[in-house]
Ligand code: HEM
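Encoded as structure tokens, the following chain is the form predicted alone, with no partner shown.
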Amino acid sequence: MSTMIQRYTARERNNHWVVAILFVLAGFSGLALFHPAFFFLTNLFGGGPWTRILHPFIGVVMFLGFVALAARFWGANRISSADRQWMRQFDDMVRNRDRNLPEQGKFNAGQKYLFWSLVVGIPLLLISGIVIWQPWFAPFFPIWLMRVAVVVHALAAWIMILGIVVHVYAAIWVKGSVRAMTRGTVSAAWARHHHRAWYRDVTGK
């Protein structure tokens, strides 16, 4: 039986899943408000008025959860020269030629760039969302700023949604990744294959 290595603690996993669930809820409620084609999603929240009420509160709680998550993983997501080289060899990753890639730490370059896009995008969602939050804050801002905020909010949301879709697909595609965030452990073989530098750090091998 393969040796198992702890990748995430229970607290880290809980934090991740709270943010993930809130992101899905914020995404569905936001899409429902964004275009009539998605209005059916309001049924998940008790109808249109409740969707409009709940969406910003979900977003605020998601932001707070993400701040805690970002604080936990900030240091492990610093971009290195090996990460930039990994991105240049993206074709090797797609073709599963991992041994040709530079050794990766706890997170690979793709995960790191997603992390930093979220670090930028989620605060943008919060700030722009506050500007257009009726009836509490919007009346304090000029109409031109509200219009800009609507565009920024929509663009940031779509970029975040696309990034998370890729993140989920990659987690399913790389066998063993889902286990890391559900049980907290990965096999030594998985760690050695996908995150060799991290494997060496945690095992001393």
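The first residue of the shown sequence is 1; numbering continues from there. All of these numbers come straight from a predicted model, not from anything done at the bench.
If you look for the form predicted in complex with the named molecule, you will not find it shown, but the lines that follow are about it.
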Inset, instruction - Kindly indicate whether His167, Ala171 and Met181 are, all three, within 4.5 angstroms of the named molecule in the predicted complex, using heavy atoms. - result: yes
Inset, instruction - Would you please decide whether Phe73 lies within 4.5 angstroms of the named molecule in the predicted complex, comparing each non-hydrogen atom pair? - result: yes
Legend entry - 4.5 Å heavy atom contact, Arg196 and the named molecule in the predicted complex: no
Inset, instruction - Consider Leu25 of the chain shown here, and say whether it contacts the named molecule in the predicted complex, taking contact as heavy atoms within 4.5 Å. - result: no
Inset, instruction - Although the named molecule is absent from this view, report whether Leu101 comes within 4.5 Å of it in the predicted complex, heavy atoms only. - result: no
Inset, instruction - Could you work out which of Leu114, Leu126, Ile132, Met93 is the residue within 4.5 angstroms of the named molecule in the predicted complex, going by heavy atoms? - result: Leu114
Legend entry - Candidate stretches 30 to 38, 159 to 167, 133 to 141, 45 to 53 - the one whose heavy atoms come within 4.5 Å of the named molecule in the predicted complex: 159 to 167
Inset, instruction - Taking only heavy atoms into account, state which residues of 5 to 28 are within 4.5 Å of the named molecule in the predicted complex, ordered by sequence. - result: Arg7, Tyr8, His16, Trp17, Val19, Ala20, Phe23, Val24
